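This document opens with one chain alone, in structure tokens, the form predicted alone.
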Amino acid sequence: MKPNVVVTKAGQRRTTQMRRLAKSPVMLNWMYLPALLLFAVFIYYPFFRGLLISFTDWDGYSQIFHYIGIDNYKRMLSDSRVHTVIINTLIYGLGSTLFQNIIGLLYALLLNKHGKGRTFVRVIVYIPAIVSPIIMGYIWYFLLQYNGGAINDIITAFTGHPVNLLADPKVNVWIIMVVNTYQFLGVAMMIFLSGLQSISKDYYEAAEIDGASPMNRFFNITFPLLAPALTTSIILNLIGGLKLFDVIAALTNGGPGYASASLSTMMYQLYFARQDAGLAASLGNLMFLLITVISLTSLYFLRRKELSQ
């Protein structure tokens, strides 16, 4: 019986050691490994691969390519069409962010109050956000198209002739921005609603006792305490707007020419239509840099603003 007892005690010790190891911080760190592997395969490898391709004349299909240094970047920076596309991208990113947050905040303030039908209105405002952007783009395309579009039918009824809104470079960029704003303002609304519902009513009751007006309560209580929600909403909207693709592809496909293109749609066209993978990769790196700089700079100043409240 003694050997059995020894074996049992040894097994208990091993079991205890395994349990301690399973609960140790070192073992917990190994749980990150699958996520890191996926991140490396789908993020790091494509990023560094794209960086290398940007220094080549690869057409995207051939097995033969040559390293050409920074020629693609020189072509990109000297191309006036790229300058137009950068401006368009900034309009889509900054413009959509501005209007999504202003309108979303107004909706949140309105729907945070008690009243009949507020849940229904929340659903109606948020529904566009769950629709695929490409589907949303085609819905608006059928409304805005030159022949038979519902909006053009209304314009024709008043002016006698339709207007090709999607082919006008002075208008189509702003239409795309409005469509993107309309689709995702529900996301900003929900973020602000979450922030408003986390603010204690005690602040408002104390301010009301002190005789503060609704405007004073908003600027001295609501807005400062909404700073974290505002930061989250702005950063999400910025990233989404600066990499906008689907709505543009459905409405104008970046045309006429590249007049309404964003960096992402121009990159797509360069790769698949012109088979210029090197220049497309250069453009992709520019888009990555632009989004990173704008997002991190905005995050830095917004976080500082939060801490100063």
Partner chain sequence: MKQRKRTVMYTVIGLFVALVHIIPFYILLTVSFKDMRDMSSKWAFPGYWFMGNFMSAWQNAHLGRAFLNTGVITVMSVVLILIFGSLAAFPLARYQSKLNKWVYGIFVSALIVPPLTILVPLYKLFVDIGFMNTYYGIVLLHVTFQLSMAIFLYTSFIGTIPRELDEAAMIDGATKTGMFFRIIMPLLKPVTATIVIMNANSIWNDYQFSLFFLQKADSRTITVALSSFFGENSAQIGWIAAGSLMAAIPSILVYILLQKYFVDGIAAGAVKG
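Residue numbers count along the first chain shown, from 1. Computed from a prediction, not measured in an experiment: that's the story for all the values here. The term rigid core refers to the most C-alpha atoms you can superpose between the two forms while keeping them within 1.5 Å.
Although not depicted, the form predicted together with its partner chain is the subject of the following passage.
Checklist entry - in the predicted bound form, do Phe55, Val178 and Tyr300 all put a heavy atom within 4.5 Å of its partner chain? => result Contact check failed for every one of Phe55, Val178 and Tyr300.
Checklist entry - According to a 4.5 angstroms non-hydrogen atom cut-off, is Lys201 in contact with its partner chain in the predicted bound form? => result Although its partner chain is absent here, Lys201 would stay clear of it in the predicted bound form, with no heavy atoms inside 4.5 Å.
Next on the checklist: Since only the chain is shown here, I'm wondering whether Leu185 would be in contact with its partner chain in the predicted bound form (any heavy atom pair within 4.5 Å).
Outcome noted: Looking in the predicted bound form, residue contacts with its partner chain include Leu185, since a heavy atom lies within 4.5 Å.
Checklist entry - For Phe99, is any heavy atom within 4.5 Å of its partner chain in the predicted bound form, or not? => result No, Phe99 sits far enough from its partner chain in the predicted bound form that none of its heavy atoms falls within 4.5 Å.
Checklist entry - Does the 4.5 Å heavy atom contact test between Lys74 and its partner chain in the predicted bound form come out positive? => result Output for Lys74 is no: heavy atoms all beyond 4.5 Å of its partner chain.
Checklist entry - Heavy atom within 4.5 Å of its partner chain in the predicted bound form: which of Ile234, Val82, Val125, Val173? => result Contact with its partner chain in the predicted bound form is made by Val125 alone.
Checklist entry - Can you name the residues of 232-267 that have a non-hydrogen atom within 4.5 angstroms of its partner chain in the predicted bound form? => result Residues within 4.5 Å: Thr232, Leu236, Ile239, Lys243, Phe245, Met267.
Checklist entry - For Gly69, is the C-alpha shift between this form and the one not shown 2 Å or more after core superposition? => result No, the C-alpha position differs by under 2 Å between this form and the one not shown.
Next on the checklist: Using the rigid core as the reference frame, would you say Pro34 shifts its C-alpha by 2 Å or more between this form and the one not shown?
Outcome noted: Comparing the forms between this form and the one not shown, which are aligned on their rigid core, Pro34 does shift its C-alpha by 2 Å or more.
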